Structures are given as structure tokens and as C-alpha cells.
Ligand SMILES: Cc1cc2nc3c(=O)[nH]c(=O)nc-3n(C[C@H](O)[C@H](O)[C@H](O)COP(=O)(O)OP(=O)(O)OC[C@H]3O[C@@H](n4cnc5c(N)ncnc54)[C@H](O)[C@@H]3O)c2cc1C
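In the block that follows, a single chain appears as C-alpha cells, in the form predicted alone.
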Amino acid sequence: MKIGIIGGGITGLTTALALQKLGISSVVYEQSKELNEVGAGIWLQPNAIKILDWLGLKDEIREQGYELDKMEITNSQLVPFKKIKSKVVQDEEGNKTIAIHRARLQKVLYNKLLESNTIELGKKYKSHNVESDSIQIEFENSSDRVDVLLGADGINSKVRQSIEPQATLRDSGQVCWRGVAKMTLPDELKDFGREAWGNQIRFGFSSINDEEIYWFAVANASHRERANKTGLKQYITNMFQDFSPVVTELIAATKPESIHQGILQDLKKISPWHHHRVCLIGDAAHATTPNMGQGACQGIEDAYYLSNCISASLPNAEKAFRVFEQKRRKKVDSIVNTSWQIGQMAHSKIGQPIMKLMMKITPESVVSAQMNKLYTIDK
């Protein structure tokens, strides 16, 4: 069986590695001609770490990134609304969140895949046609045939457009800026991930190694046009001038050209994720807003579950896809909906005080139980 994977991002590469671990070969088709260090940081929570450990990559990713002891939501001066013990953001096996530059994670996955698998760069997907015994894929400069096709080509998936043309994205009404600052945090902040809330604006950050800090800033989308006119760096600096001095220091230590801007969106629920021998995974199937830090983590979970479903159902790919969606749908839908609600309430004059109160009064045991449920991976 030849499995084609459209998209050489985190989900696509992890899926190829998971299939490889189970003795199933695949080909990853990536539209870029080379992998460049673009993007910003990413927080890999314990559910993703378990799977990366299963793939034998946890130690290398920890070396390339930065392990975080705590994740806290704070006021603008970095005082947490509720102090929590570190165990709340660990799983029962002691796995912690690892912060890493997205491009470095992609490089670790890519290099591992090059050892014994196939990835083809410069393959921009155009269309596919499901035939009786194979699937014909058309690229801009060539074509290929596979038995099974997986669409791991992100929130703006072209594969999804082919099998689910009515699918639509949902605009959160919020703009997000991301950057990487060349500096070192004070000792008391080094091992924490933080998200600071102000008046309908948020700023989060953490170390991603000893010399770099990943940060993100979120505001209502109306700020986007004004930021473009003023200049992103200056505009964000002005917006967060009343926050802790650490925040403005981080912005100041970031090159203006490396600040990325985007509107936060998710994907309205589509069902099913598969059609014949074609299946969507990761953001192509269930893109979420980043408010729970689970977007890439859920793509990594997809890789684990789908590879095991395919292995158990060979050569019946359609059965594998049905079982895969049955296993994943409830959790993914909950994360997409909860993340959306968090983002909307955090920017609401009524919703934000309610969320702060809930954080303060919710027992730590309840929070711990909720997080361990999120981090659970079936063996």
C-alpha cells in the first residue's frame, strides 16, 4: 500500500513517522522547495510529548526547546489570578510542556524522516481523482499515484476543498501577532509559560531556549489596519505600554521583520473527515483557535491514532478512517469549541471577569483532573 500525505508540516511529518514505526511506508508531498526557519514558537503539551516520546524524539525535542514547569494566566503585571502547583500542568507520568521554535520542531521531524522514508519537496498540490484501484494526484509540475491520500495541508487545505467544498472558516474577530525575542528572561520567569490579560488584549510568552523568548499578542481585529499603518512593532509596543516592563522589553528585543500577523480563525465542524480513500487530518479536518495551545498537539494525536487505525485495518483504509474519526471526534470537537469560547470570553468586558472568578474558585484538584483528561492517550 502506498500512502500519500499532502503537507510537510508538523501533522504530515509526524503521521509519516508514526506509519513508519508501524512498518507502513508513505510519501510526504510538501509544496515548499526547502524548509526555512519561519514562524514563531509552539507549546507542546504532555499529550503531544507522549507521542513524540513513542517516536523516540522526546529527548532531542527537549534539547532543541525549553521545558516549562508552570503555565499561568496573570494580570498585566504578571501576577497570576490563581497560583497553582507545577503538577497541574504535568501528566501523571511527569511529562511537562516543552516550548520550541516551530521550525526547529519541523526540522527534527524532517531529519528523522529522511533517515528511512520519503519526502518530496516542491510538490504543490492541485487536485486528485479517486479511481477504482488508485488515486491520481496532480501537482503543478508533475503527477503521482497512491492507494490512500491524507490531507495534512493546514487550515486552508486544498485537499479539504476537493472533498468538502462547502467547508467554511470561522473568524474570531481577533488579530494575533507572534514574534521571537533575542534575550533571556529574569530567573523568576525563566521556567514558566505566561499569558497576561489586560483590557481586551492579551500577551503570552515563554523561553524556547536559553537565548530566545517566544511571545504572542492578541487584540480585537479592529487593531489590524491601524497596526499596519503605524508599523507592527511600534503599534504593539504602544498597546502594551502599561503591562509589566518585561513585555515591552520582549517587543523591543524582536526584529520588526520577524513579527508575524494573522487573524485567528477555526474551522466550522465538517462531517465526515473522509471520503472514499481520502482522509483529512490536523488543521485540515479540525482547525482550532490557539487559546488552549492544542492545535499542533491535536495534529500529533491524529498522527498516532490514524497510523494505529490503518495498521489494524489493512488493507481496508475506509474502515480505518471510520474508526479513526470515532476515536477522535468527541475530544477534538470539545477542544475546538472550548478554545473558541475562551477566546471570546477573554476579550469580553463581561466574560473576562467571569473567567477570572472561575479560575480563583475552581479547586486545584478539579483543574488537575481536567488537564489529565486532556493529556490522556490511549495505548
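Numbers follow the displayed sequence, beginning with 1. What you see is a predicted model; the values in this text were computed from it and never measured.
Omitted from view is the form predicted in complex with the ligand, to which the following refers.
S.K.: Tell me the stretch among 201-209, 179-187, 242-250, 283-291 that has any heavy atom within 4.5 angstroms of the ligand in the model of the complex.
M.R.: Only one stretch qualifies here: 283-291.
S.K.: Is there a non-hydrogen atom of Lys96 within 4.5 angstroms of a non-hydrogen atom of the ligand in the model of the complex?
M.R.: Although the ligand is absent here, Lys96 would stay clear of it in the model of the complex, with no heavy atoms inside 4.5 Å.
S.K.: Taking 4.5 angstroms as the cut-off for heavy atoms, does Trp197 touch the ligand in the model of the complex?
M.R.: No, Trp197 is distant from the partner.
S.K.: Does at least one non-hydrogen atom of Ile10 fall within 4.5 angstroms of the ligand in the model of the complex?
M.R.: Ile10: contacts the ligand in the model of the complex.
S.K.: Can you tell me if Tyr214 lies within 4.5 angstroms of the ligand in the model of the complex, counting non-hydrogen atoms only?
M.R.: Contact with the ligand, yes.
S.K.: Would Trp43, Arg102 and Ala296 all count as contacting the ligand in the model of the complex, using a 4.5 Å heavy atom cut-off?
M.R.: Yes.
S.K.: So the ligand isn't shown here. In the model of the complex, which residue out of Lys107, Arg170, Lys124, Lys255 has a non-hydrogen atom within 4.5 Å of it?
M.R.: Contact check passes for Lys124.
S.K.: I need to confirm a contact call. Of Arg224, Lys158, Lys112, Lys233, which residue comes within 4.5 Å of the ligand in the model of the complex, counting heavy atoms only?
M.R.: Result of the distance check: Lys158.
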